[in-house]
Structures are given as C-alpha cells and as structure tokens.
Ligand code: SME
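Here we start with a single chain on its own, the form predicted on its own, put down as structure tokens.
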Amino acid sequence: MSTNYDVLLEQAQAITAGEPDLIANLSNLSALVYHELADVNWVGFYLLRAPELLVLGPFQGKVACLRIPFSRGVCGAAARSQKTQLVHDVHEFADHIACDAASNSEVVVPIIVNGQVVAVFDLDSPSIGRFSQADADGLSRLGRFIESLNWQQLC
C-alpha cells in the first residue's frame, strides 16, 4: 500500500498550475488524494475562519464536522502545535472528534502561511495503523506545496 509521493506531488502541481482560485485548487487536491491513496475514507481541508477556529472546507468523503476549535481533536492539535499529527488509532487519542465512526486512523498536516496556520489537511482511514511515518512525511511535503497556493483569498 505504498504511495509514490513524488508522483502525487507532481500531479498536484500539474492540476493547480495557472489556477488562481484557492477553493477550486483545494477541491481538486482533495479529489486527487482521495482517489490516489488506498484505504482512505475522508480527505479534505479545514480552513481558519476565526481566531483558533477551523471550519469545513473542500473535501471528499462522508458528511463531516463543521467547526473544530484549536483546543479539540487531532485537527486542533495540528493547528496548535503547527506539526503534522500521525495517529495510529484515533480511539487512543484522548480528545479525538468522531465525525465518522468508521474512521480509525488519521494524519493531519497544518498549512502554515507567514508563520500562521491557515488550514489543516486532514486524512482519515477506516483501518487502524493505515498511515506510516512515510505517509506523514509525504503528506507533509504535499502540505508545503499547498502552502504556496493563493491563500490571500482567505487571509
């Protein structure tokens, strides 16, 4: 179940090239990753919309939580720490927010522009232990690319 993150990054760059609209790009990136990674049931973004509050953005998967404060869950932990969160089993994460009971593991990458979190990139899997450190590293590289998009539209 190994993913070639170099190829995924090239695909991300290709589908966003020349497109200035952030929401269009985040929508396509959600779809790309959702369909390219095996064994995921949710891929998307939560966007900073108020101080220390993330609001649902473009995604692929089932209906999701609408608002996540920085103080709660894996997404909140990524936003607070400004570090990628790799969770082997979400049921062992003390403050996990269960938007979809089918999710069992998670990776969340903070998207940071000018030193501030502007969003998080969230991936869930129905399998415990689905994501490895290699996945977290590859998705963090993709996150660094996502930071280069046109975030001025939201900031």
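Start at 1 and count along the sequence shown; that's the residue number. Because the structure is a prediction, the values reported are computed rather than measured.
Omitted from view is the form predicted together with ligand SME, to which the following refers.
- Residue contact check for H88: none of its heavy atoms lie within 4.5 Å of ligand SME in the model of the complex.
- Although the partner is absent here, I68 sits close enough that one of its heavy atoms falls within 4.5 Å of ligand SME in the model of the complex.
- For W42, a non-hydrogen atom is located within 4.5 Å of ligand SME in the model of the complex, even though that partner is not displayed.
- Ligand SME in the model of the complex is approached by C99, whose closest heavy atom lies within 4.5 angstroms of it.
- Heavy atoms within 4.5 Å of ligand SME in the model of the complex are found in one stretch of 31 to 39, 89 to 97, 126 to 134, 111 to 119, which is 89 to 97.
- Residue Y46 is the only member of 43 to 59 with a non-hydrogen atom no more than 4.5 angstroms from ligand SME in the model of the complex.
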